[in-house]
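Take a look at this single chain, the form predicted on its own, given in structure tokens.
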Amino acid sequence: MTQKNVTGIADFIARYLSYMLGAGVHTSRVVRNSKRIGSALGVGVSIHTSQKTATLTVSDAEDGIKDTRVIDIPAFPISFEWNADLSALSWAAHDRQMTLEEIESRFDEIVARPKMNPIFVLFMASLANASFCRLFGGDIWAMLITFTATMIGFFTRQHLTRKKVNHYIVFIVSAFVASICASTALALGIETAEIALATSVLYLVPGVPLINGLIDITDGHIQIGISRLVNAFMLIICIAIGMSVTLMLVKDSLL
């Protein structure tokens, strides 16, 4: 194998793992999948990850050729589709002995697929929060207010994210907007208004980073696991700040 071959494989695996890590896949799966692709192409793969970067070494043991690089991890939206499809690609590469060109072509196909319609995501997130409101004992009016408040808050989040506003500020503002809209339930005298207020911000809870952080720590990826947990706790604090502003404004109604 030549240096050019190893460099080409390293280029692809660097892109592959950056997309998977950026889309919220836990570290051990990314490492396993990348090593599987490397094995299918006849090279060894070593990876060290952190919250913002990853170090990749691709080596051909027979010829003693190596290629090492440090990769910036992009911030993509959480994508379970990429998680499943890119994982399946690593198995296809291994089982079918695909060439690098075939793997790259299939990868480009997967990442080029149109993303889920943001209006559909907006509607489903609002419906999910309304369902949580009902699950926790809210009545139909509380559900309707939760649905509307979530829709406005989620739209605010989408808009600010497109404007590339700092994600901590996005969470504070979105939590405030959703909870202040849900506080109209207090003014209307709805019996389960507090449930509407509490469930209006549940769409912001960073479940994936929390779960991935715990998985990474238990799998031995301590550094990135702690980084993900710290980031998740920071986002939870931002949600609390946004809700606290609303509670300070409506505290008389709560009493």
Partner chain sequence: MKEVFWNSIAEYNAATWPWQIALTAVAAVIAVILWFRPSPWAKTAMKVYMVAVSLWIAFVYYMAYGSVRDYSNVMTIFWCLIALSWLYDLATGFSTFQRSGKSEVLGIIMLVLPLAYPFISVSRGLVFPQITTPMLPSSVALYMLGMLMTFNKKINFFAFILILHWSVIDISKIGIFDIPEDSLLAIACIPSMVIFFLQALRACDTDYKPSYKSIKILIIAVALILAGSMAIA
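Residue numbers count along the first chain shown, from 1. For clarity, every value in this text was computed on a predicted model and none was experimentally measured.
Missing here is the form predicted together with the partner chain; even so, the following discussion is about that form.
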{"property": "Interface segment, criterion being heavy atoms within 4.5 Å of the partner chain in the model of the complex, picked from 179-187, 130-138, 98-106, 68-76", "result": "179-187"}
{"property": "Heavy atom distance at most 4.5 Å to the partner chain in the model of the complex, all of V30, V43 and T57", "result": "no"}
{"property": "K115 within 4.5 Å of the partner chain in the model of the complex, heavy atoms", "result": "yes"}
{"property": "In the model of the complex, Y168 touching the partner chain (heavy atom, 4.5 Å)", "result": "no"}
{"property": "Distance check, V6 to the partner chain in the model of the complex, heavy atom within 4.5 Å", "result": "no"}
{"property": "Contact flag, F120 vs the partner chain in the model of the complex, heavy atom cut 4.5 Å", "result": "yes"}
{"property": "Stretch 122-150: residues contacting the partner chain in the model of the complex, 4.5 Å heavy atom cut-off", "result": "L122, F123, M124, L127, I140, W141, L144, I145, F147, T148, A149"}
